[in-house]
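What follows is one chain in structure tokens, specifically the form predicted alone.
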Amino acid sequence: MRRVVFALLLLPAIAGAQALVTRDGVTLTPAQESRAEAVGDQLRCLVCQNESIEDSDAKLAGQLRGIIRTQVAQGVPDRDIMKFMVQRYGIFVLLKPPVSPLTYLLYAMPALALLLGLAAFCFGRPRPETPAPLDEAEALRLKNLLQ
């Protein structure tokens, strides 16, 4: 009977231990892990450059995931984790950089390219000249060719 009671008392502790997630050397609860993944999805892998650190297999991305998970385990807010990463690696680490004087050209580039292309299309092409009317010999030759 004692063994059954002891087993029942240990059951919540065992269930709680199974709910923990270990990734990149840091053990987190599922809620913390989802928070860490959400932060990691917003950061660019500095090696791959077009993948988030959550999607990348690069060694540096694994180290960055470890840093994020450590800070999440310590209770650091997401905003502060993002600030830390930007201070350490620059604004390039953000997959979606904020609109600021540093990124005005980045966000304006698609519209500028479209306007330049439209201007080149409208004003850059040569105007076709109206051909001179056919003289009588040319008109006769054309008439013979068409028959």
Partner chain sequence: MSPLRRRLMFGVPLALAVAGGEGFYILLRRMQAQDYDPHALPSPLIGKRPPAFALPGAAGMQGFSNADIAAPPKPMLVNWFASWCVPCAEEAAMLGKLAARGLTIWGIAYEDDAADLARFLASNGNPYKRIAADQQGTTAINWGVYGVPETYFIDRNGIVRWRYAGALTDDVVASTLNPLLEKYA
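Rigid core here is just the name for the largest C-alpha set that superposes within 1.5 Å across the two forms. Numbering follows the first chain given and starts at 1. All of these numbers come straight from a predicted model, not from anything done at the bench.
Keep in mind the form predicted together with its partner chain is missing from the figure; the text below concerns it.
For the chain shown alone, residue 104 is not a contact residue for its partner chain in the predicted bound form, no non-hydrogen atom being within 4.5 angstroms.
Using a 4.5 angstroms threshold between heavy atoms, residue 113 stays clear of its partner chain in the predicted bound form. Residue 29 falls outside the set of residues with a heavy atom inside 4.5 Å of its partner chain in the predicted bound form. The shortest heavy atom separation between residue 68 and its partner chain in the predicted bound form exceeds 4.5 Å. Listed stretches are 34 to 42, 74 to 82, 104 to 112, 117 to 125; the contact stretch with its partner chain in the predicted bound form is 117 to 125, by a heavy atom cutoff of 4.5 Å. Interface residues of 42 to 74, taken as those with a heavy atom within 4.5 Å of its partner chain in the predicted bound form (partner not displayed): 46, 47, 49, 59, 60, 63, 64, 67, in sequence order.
Relative to the superposed core, residue 109 undergoes a Cα shift of 2 Å or more between the shown form and the other one.
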